[in-house]
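For reference, the chain that follows is the form predicted on its own, supplied as structure tokens.
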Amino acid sequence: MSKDDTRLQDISKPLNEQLVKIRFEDLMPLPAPFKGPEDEPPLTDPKPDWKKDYVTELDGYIGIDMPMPKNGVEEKELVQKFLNGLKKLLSENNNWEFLQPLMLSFEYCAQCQTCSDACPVYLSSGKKEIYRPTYRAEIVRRIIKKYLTKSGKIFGKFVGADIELNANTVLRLAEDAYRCTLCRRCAQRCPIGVDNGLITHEIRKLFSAELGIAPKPLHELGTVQHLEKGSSTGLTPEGFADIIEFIEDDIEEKIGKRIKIPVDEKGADILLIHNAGEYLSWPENPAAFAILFEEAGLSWTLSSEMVGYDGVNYGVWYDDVQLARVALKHAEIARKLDVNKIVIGECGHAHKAITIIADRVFHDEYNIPRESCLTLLWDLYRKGRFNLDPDKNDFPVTLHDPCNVVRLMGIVEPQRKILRAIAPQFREMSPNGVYNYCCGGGSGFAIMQSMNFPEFRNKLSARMKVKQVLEAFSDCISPDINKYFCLPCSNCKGATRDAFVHYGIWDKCRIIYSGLVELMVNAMVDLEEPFVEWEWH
């Protein structure tokens, strides 16, 4: 791996110089059937027009479609807004939700770099400094020391206050905050629990709340569209109704039985909330839930109300206010339907948003019980509510552990117990469970398609997951053998779809990706035809 001489202070360099350029010889090699760079698409340079209007001087990639300041006045305004936002970030009145863990992470990091070898982006890049978990955190730490402490103002570089705060620093830092998937493997690896993922989240929050800077797919096309149209995908209540009818027709065609999917049923036990991406891209997933819930005889419902049919909450990645707006709407809908609990479908960041983070904004009547579909499904299975034949799933299967379900929430065994029971050729990735790697689409990356950002995601943030999948199926990698990559998360499926297309995984290896519930339905004894379809989609 090539030496990277990038220094922390380089982030302040003039914007005519790119700090890092990704080269094939630096990238982490992929296992068979890949032999070298010739087996994957080439790396590209940013287009000249992009360089005029956007920040490409970090690593050549554009995660934030953020226009450049047009003159010196706008540059000064940008820097001042950043500094004002930084002060608020460190204020209990303005950041009561996360101030304590943020300050602990700022103050106690020993720069031992133990976390670095836990980061999939850092490792995949060939250990480029700008992707090191401590890089952006240390920059902010030194800015705080230089501009917001007496010792830093007096002694400067002698006490580590040596980062020049200018427009170049701010613009590059904004981009660098979107080179981390917030998987929090770094926090897990740290001997004292310093959370550089949290620091990165707080940097994003600063840019969003104080400077109005956030990726359009997360903000304008994410949370704003979710609240205005009903879904971050743009799916309206009318469109949702049409899709439910389509799913009912599809279920009848596949299993020979019509299942009426309950919508807006007051007093049901469960409100099931899916990621709306499932309805549009993978309708077989909500169909499988409907089949299983019908088989188990559950009292459940979906909601057709605005926001209620989409469990996505992209505010969790960049803005606490947007998070609260969506989360409270979900709780409000559950109260109106008078359900006993919310069950979250196969979506990792929806798990995080409405179960863990929403606890900071849910109080009293809004604090409705919430449960993962994975624990519910295992409970139903172990009680004998499904009649399943594992021989129907006699093909190689491996499992991805969504970061926000497994590492954050500790839901490790339920999905595994089901797979061990219904998939005779199930094999684990290495590492797995709470040590598993991010899909590469975490923190909103899966939907960020601006300019050349998909190349960053496919070449760097998703590269480790592609490597894991290939290694898990190394004994049957031939395209003549059907293989199933189980992904119980819609966001992870989106990232995997793009990565598999990028690397040509279907043609080279014949691996399909889908959820856990589809595999469960495929094993149902009463089904005459397979539910899983061996084709690329």
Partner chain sequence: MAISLLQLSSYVAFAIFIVAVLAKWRKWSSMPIHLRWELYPVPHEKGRSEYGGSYYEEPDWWTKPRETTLAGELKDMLAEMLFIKRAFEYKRDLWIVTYPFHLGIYLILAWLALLFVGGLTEAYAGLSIQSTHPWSQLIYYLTLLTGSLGIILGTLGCIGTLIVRFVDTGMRKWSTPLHYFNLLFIFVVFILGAYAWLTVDNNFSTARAYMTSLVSFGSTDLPQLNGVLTAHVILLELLFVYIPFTKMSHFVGKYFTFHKVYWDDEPNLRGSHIEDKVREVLKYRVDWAAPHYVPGMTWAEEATCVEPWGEKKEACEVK
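Positions refer to the first chain, counted from 1. Quantities reported herein were computed from a predicted structural model and do not represent experimental measurements.
In what follows, reference is made to the form predicted in complex with its partner chain, a form of this protein that is not presented.
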Practice item. Give a yes or no for His363: in the model of the complex, does one of its heavy atoms lie within 4.5 Å of a heavy atom belonging to its partner chain? Key: yes
Review point. Can you check whether Gln111 is within 4.5 Å of its partner chain in the model of the complex, heavy atom basis?
Key: yes
Practice item. Find out whether any non-hydrogen atom of Tyr435 is located within 4.5 angstroms of its partner chain in the model of the complex, and reply yes or no. Key: yes
Review point. Within a 4.5 Å heavy atom cut-off, is Glu284 in contact with its partner chain in the model of the complex?
Key: no
Revision key, fill the gap. Partner contact check in the model of the complex: of 399-407, 258-266, 449-457, 231-239, the stretch with a heavy atom within 4.5 Å of its partner chain is 399-407
Check your understanding: Taking its partner chain in the model of the complex as the reference, which of Lys467, Lys392, Arg141, Lys254 has a non-hydrogen atom within 4.5 Å?
Key -> Arg141
Revision key, fill the gap. Answer key, its partner chain contact in the model of the complex at 4.5 Å (heavy atoms) among Gly126, Gly152, Pro217, Pro414: the residue is Pro414
Review point. Counting only heavy atoms, which residues in 126-159 are within 4.5 Å of its partner chain in the model of the complex?
Key: Glu129, Arg132, Thr134, Tyr135, Glu138, Arg141, Arg142, Lys157, Phe158, Val159
